[in-house]
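First, one chain by itself in structure tokens, the form predicted on its own.
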């Protein structure tokens, strides 16, 4: 959630941020609504104060003066109820709009409103040349992926991972944790079922509710990323400044409806309803958030480079940012089977957008302040597995295991 003071002190900043995101909102009307609700709240409090004073005076009065005071107290009681109802209605009207607003866009985020508007910052590695099978064809050839039986069991956008692909997945988990722990990341296996306050607190509610699987009978929701659980872990807490940065590496299964992607990336396991992921999450001092964002990106690049996968780093366009992100970098790996770069990691600086909702502060030299939160993909299993098997396929149809993963799987090739 954005600090409401921005509306009162710098409405043009909010207006410009919304414009960059491609959101059409009458900020002037919102300023007027905010002023009106505050005036109405003040009026209700003034009436309440007068009501209390009149009530106190009744016992000290006699005769007509006492009856007049009692009558006045009754009038004030009615007026207070009416003023309070008006103030509450205006607050509700304002909050409905305010909680749906996305974070303020960082001035260094790329301009544009479409995915194609992202800015390429750098390219690493050389895409291979030649004829390549995609991961589905390779899975059929080597028997490590079964889409048809998964469809029989669960419907579309699911897959059975089998044999060596399972070994590679758990190799990737250990590979990531071994490289993140020395940088201060504590491994976590978080809950994947959360209450609605965790999704609201991280900004996925109300805007992305259609992407979330729910269990209405239990008032619980399946997370689409462990970011939700990790962020909410410290909700309503005041952290010590000396404990910052707090860094976690959460491994979890993730669930997404993928609403709005009908007919898009339906082949194989690139875009599925269920996948496993190692997610980085950090709570930091506001002054270090930009450096932390670069740090998370460096960890992602280190992981991808360690496997020798060609990639490019993208500065995501303002209009393509998630609601909680002020700025986001994506790493897009080369997918030979598709003949193009596709996203395999992202890292976002969410500033105090999440901590304001979750009430996460730190005790610093200037009193209690909101922490800043950042997140970043370490390994999103399905897409990383695709990039490995496609990039490391050989002319004879076999697949070489990246050298960095061989100690974890115990074999050098598949097929």
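Residue numbers count along the first chain shown, from 1. Predicted model, so just to flag it, every value in this text is computed and none were measured.
The form predicted in complex with the RNA exists for this protein as well; it is not shown, and the discussion that follows is about that form.
- Proximity to the RNA in the predicted bound form, taken as a non-hydrogen atom within 4.5 angstroms, holds for one residue of 128, 74, 163, 207, which is 74.
- The candidate site formed by 5, 58 and 195 is fully in contact with the RNA in the predicted bound form, as each residue has a non-hydrogen atom within 4.5 angstroms of it.
- Looking at residue 62, you'd find every heavy atom of it more than 4.5 angstroms from the RNA in the predicted bound form.
- Shown alone here, residue 368 lies within 4.5 Å of the RNA in the predicted bound form, counting heavy atoms only.
- Contact between residue 38 and the RNA in the predicted bound form is found at the 4.5 Å heavy atom cutoff.
- Not displayed here, the RNA is kept clear of residue 387 by more than 4.5 Å at the level of heavy atoms in the predicted bound form.
- The partner is not drawn, yet in the predicted bound form one stretch among 41 to 49, 22 to 30, 379 to 387, 342 to 350 has residues with heavy atoms inside 4.5 Å of the RNA: 41 to 49.
- Heavy atoms closer than or equal to 4.5 Å to the RNA in the predicted bound form belong, across 230 to 266, to one residue only: 238.
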